[in-house]
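The chain below stands alone and is given as structure tokens, in the form predicted on its own.
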């Protein structure tokens, strides 16, 4: 239970607070529209009024939050500021994209309620105009304001129109349609299958958030939901006067005709702060994108993996961080995240790019990956780099015992970690708190091992020379193989070096038995805090998270950390 609290306690607390605020706002604004000021509005609309306004308040709150988790520079600043005080609090910032998604789901949920309620409202507004019966209170209320057209209650001013026309000609209706369409496009293009296979679609449609926020700010300017003014309520009590509507405003009556007005727009007050922060964020990104970046080396590795080594003046990084890269000759707008595979001790920054889509294929071609001749440096494309930004892997050296788990290209953040380990021991750095690293790499094909094997071979040799073979334990798993490869590997298995990686440690086949691995580590390091770091798929994250919870009672405390982009 203690481990669950360490791993998930603060996240659950934040989610509960967020949900609690949503519930409070919904109930508070639902009840606010049950007051006497909106008595006559409810005569026409019934409780659909409250059902429309309550989710609108929740939408304001969540639209205030939606931009904050994607302010990367702000989060990096906060992470660097608080990680010295609370590692648990800093780790919550690594879940920014998860929280961003939750807020988006909440926006979609409240938008659906808001739209459905207003569809009923428009229908009831229209029905009130069509009654044409002076003995009907809804009809009488609908006729108020026909002369000056200012103190009206019913926004549908004629029985010769229809709700559809009003929807596309009023400010509230038109902006509502625009922001709903923008929201639908943003959410549908954010599905995993589209984001992975058609990143450009996801990238460009996500920028409809600009249209969404402009429409959101203007949406309330139409003042389509109206209530009795405070001054009118003082001389016209709706509870006492509603039954005397046929004599309103006549001489000798105590009930003058009620006056109605809309609420002033409030949404801008909720979102102006986050919008300002996001504009500042984009200005910082633009400034960084203008700084000169020089490609110093291009390496084409097996398994269609391209390595770019670059230099940028004043660039400083920590292990496990990532950057966003833009290639203006390919696209002026697209930025793609890549984990840094270089170490802080190196004089350059490097990334490994797996060729899987149109943009990465274009980078591969521009860097000469499809040519047999070496390109001159001046012919290489110009690049822009934004970052670095913090991730969970920054905390690796804050744990005495560390488990690093990478799947496929997900090994890249740990390349930086292992390189930094190598440099620290070469430089005989005595301030390394970490005493033991367990490294696991799961890969589906033999070619993918080749680009990373050189680093592991150097580490293996260095640790042996310094009598530190026990510092790093690495376990490499081949999860898929062909029959022909299996036959060759069986023949070569007795060789001194592994036939796949060239390491002394032999490659294993299949998938790790995580229960056995965690049990062994808990036995070896009783009472220790073990940092578990993963860069890999969600299914693997779920499995490792469960293992962290279940094995803490065995003596060690496992703290789970996952890379998120």
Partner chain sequence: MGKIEWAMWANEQALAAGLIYATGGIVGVAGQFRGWQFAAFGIAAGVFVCLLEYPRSKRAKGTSVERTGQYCFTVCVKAFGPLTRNYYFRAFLHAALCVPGGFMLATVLGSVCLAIASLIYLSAAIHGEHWEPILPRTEPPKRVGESIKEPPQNPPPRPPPELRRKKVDNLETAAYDNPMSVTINE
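Computed from a prediction, not measured in an experiment: that's the story for all the values here. Residue numbers count along the first chain shown, from 1.
The protein also exists as the form predicted in complex with the partner chain; that form is not presented, and the subsequent description refers to it.
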(Q) Partner absent here, but in the predicted complex, which of 236 to 244, 182 to 190, 347 to 355, 95 to 103 has residues with a heavy atom within 4.5 Å of the partner chain? (A) 182 to 190
Q. Is there any non-hydrogen atom of residue 222 lying within 4.5 Å of the partner chain in the predicted complex?
A. no
Q) Does the 4.5 Å heavy atom contact test between residue 197 and the partner chain in the predicted complex come out positive? A) yes
**Q.** the partner chain contact in the predicted complex: residue 120, any heavy atom under 4.5 Å
**A.** yes
**Q.** Close approach of residue 133 to the partner chain in the predicted complex, 4.5 Å, heavy atom
**A.** no
Q. Any chance 115, 168 and 204 all have a heavy atom within 4.5 Å of the partner chain in the predicted complex?
A. yes
Q. Which of these residues, 262, 444, 163, 274, gets a heavy atom within 4.5 Å of the partner chain in the predicted complex?
A. 163
Q: Only one of 281, 257, 127, 307 comes within 4.5 Å of the partner chain in the predicted complex by heavy atoms, so just point that one out.
A: 127
